[in-house]
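Two separate entries follow, structure 1 and structure 2, each one form of the same protein chain as structure tokens.
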Structure 1
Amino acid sequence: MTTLEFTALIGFGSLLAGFLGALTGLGGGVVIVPMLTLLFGVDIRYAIGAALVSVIATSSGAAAAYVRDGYSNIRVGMFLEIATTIGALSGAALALYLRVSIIAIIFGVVLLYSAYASFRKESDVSKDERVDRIATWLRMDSAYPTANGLTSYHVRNVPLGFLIMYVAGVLSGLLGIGSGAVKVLAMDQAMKLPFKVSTTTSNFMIGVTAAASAGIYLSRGYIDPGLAMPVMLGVLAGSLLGARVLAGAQVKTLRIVFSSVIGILAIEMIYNGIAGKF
């Protein structure tokens, strides 16, 4: 395989990863790392470095469109970024001392639960009208556009969401995945945000989380420009395409896609973690 063919294949795979990442809030990194390591034989550390760059591209490409259209909750995202950034720095530092295969197995289990919890959820907007004091104090309650106009929602369980976001940040720093699945889990299940708000706010957040840990990987020499460039360009193009599709997508369909994809990736993570391939 020539260098041009190798670059083109990685670019195409990254485009698909970016499209999926923007559509579900997963972030392209959750597909990029398995793709580079299993299909192309790239060293896991360099795959993580390229994935972190791609996550930043995904966030930059999709988040602007989501903010403009009124889907992302900026106040929720900025507050929770405190937890994810601290977690990302912790995870990147721990990467030198912990076996990635063990973390991959743990992450796979978390993904399996995320798939199950997302798939079984029936209502898109929480009917719990109780006031959350922290959310009220921080003015997190908002509204998002639907076919029937703006629909308001209330934010719940802010401390629990903050804790889960720290875990998401640690996973991002360790595996370079952006941890979009865990972020969506925190906002959709714990904080009771509508699913489209959860996925779009996740896209808004993952770039900052990835940037926090990418600096550490860059200082260690694990970001190869020749590898990161086609990954970044492909993911950026895919994320812009995914942002256009999301507005007209059905929530039920998004949940099925979300659950199916992270379920498959969870099994892959667990298997490769046990087999010692990471």
Structure 2
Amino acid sequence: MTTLEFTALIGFGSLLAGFLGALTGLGGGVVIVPMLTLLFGVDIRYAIGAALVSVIATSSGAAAAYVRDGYSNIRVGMFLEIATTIGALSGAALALYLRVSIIAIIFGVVLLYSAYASFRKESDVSKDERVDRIATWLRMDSAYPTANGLTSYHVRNVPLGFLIMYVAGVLSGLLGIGSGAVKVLAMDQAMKLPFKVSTTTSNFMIGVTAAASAGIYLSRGYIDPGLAMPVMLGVLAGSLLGARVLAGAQVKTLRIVFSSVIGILAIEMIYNGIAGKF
């Protein structure tokens, strides 16, 4: 295969991944690593480096729009970024010591969880009006735009959310993913933020989390230009396209199909990891 053919193939695959990722809300980054390792036989460390870079591109692009529309809770995001960046540093350090096959197995398990989490119902806004001391001191309570105008909400369980965010950071640094599913779990389930605020704030945080580990990956030589170039440009173009189509698209069936694909990839990653094929 020539370099041009290889680049075109990877670029097209990444475009498709970014497109489906944006349409289904699962993010394009999660399928990049299995695609590169299982389909193209790329070493998992190179694959993680390339995926990490594409994650920064898509999350920053999308975050710009959400922040502008007033969905993201900047204070919650900023505060929890302390947890995710410390986590990302630990995760990237851990990646040095863990065997590649172990990383592949962990990747598969997280992938399975992401596929499962995409089917979870949006939880209703908590009607609980009790005041949370830490959340109040950190001025986290806010309001977000809904069909009925600005609706205010209260934030709770900050320490638990912080802890889950640390785990999200570790996974991001170790696997080169945004770990949006775990971030949403922390905010939506633990801290009781409205679903839309959780997903957009998670998106807002992903760029900073990924940047923390990407710096380490770059200086360690895990980011290859020939590979990262088509992946980053492909995923970015695909996700911009997906966001454009998103308005008015019927995504339910697509989400089931994409989640099933992710589930199959996850099982293959776990199998190959156990069989020592990495």
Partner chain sequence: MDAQSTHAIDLQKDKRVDQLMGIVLRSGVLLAATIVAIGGAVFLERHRLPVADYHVFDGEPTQLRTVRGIVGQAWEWHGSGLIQLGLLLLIATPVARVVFSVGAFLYERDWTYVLVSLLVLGLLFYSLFSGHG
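Here, rigid core means the biggest group of C-alpha atoms that superpose within 1.5 Å across both forms. What you see is a predicted model; the values in this text were computed from it and never measured. Start at 1 and count along the sequence of structure 1; that gives the residue numbers used here.
Enquirer: Would you indicate whether the form predicted alone is structure 1 or structure 2?
Expert: Here the form predicted alone corresponds to structure 1.
Enquirer: Compare the position of the CA of Gly234 between the two structures after a rigid core fit and state whether the shift reaches 2 Å.
Expert: Comparing forms between the two structures, the Gly234 CA shifts at least 2 Å.
Enquirer: Any CA movement of 2 Å or more for Leu38 between the two structures, core superposed?
Expert: Comparing forms between the two structures, the Leu38 CA shifts at least 2 Å.
Enquirer: Quote the shift of the Cα of Ala266 between the two structures to one decimal place in Å, the two forms being superposed on the rigid core.
Expert: In the core superposition between the two structures, the C-alpha of Ala266 moves 5.7 Å.
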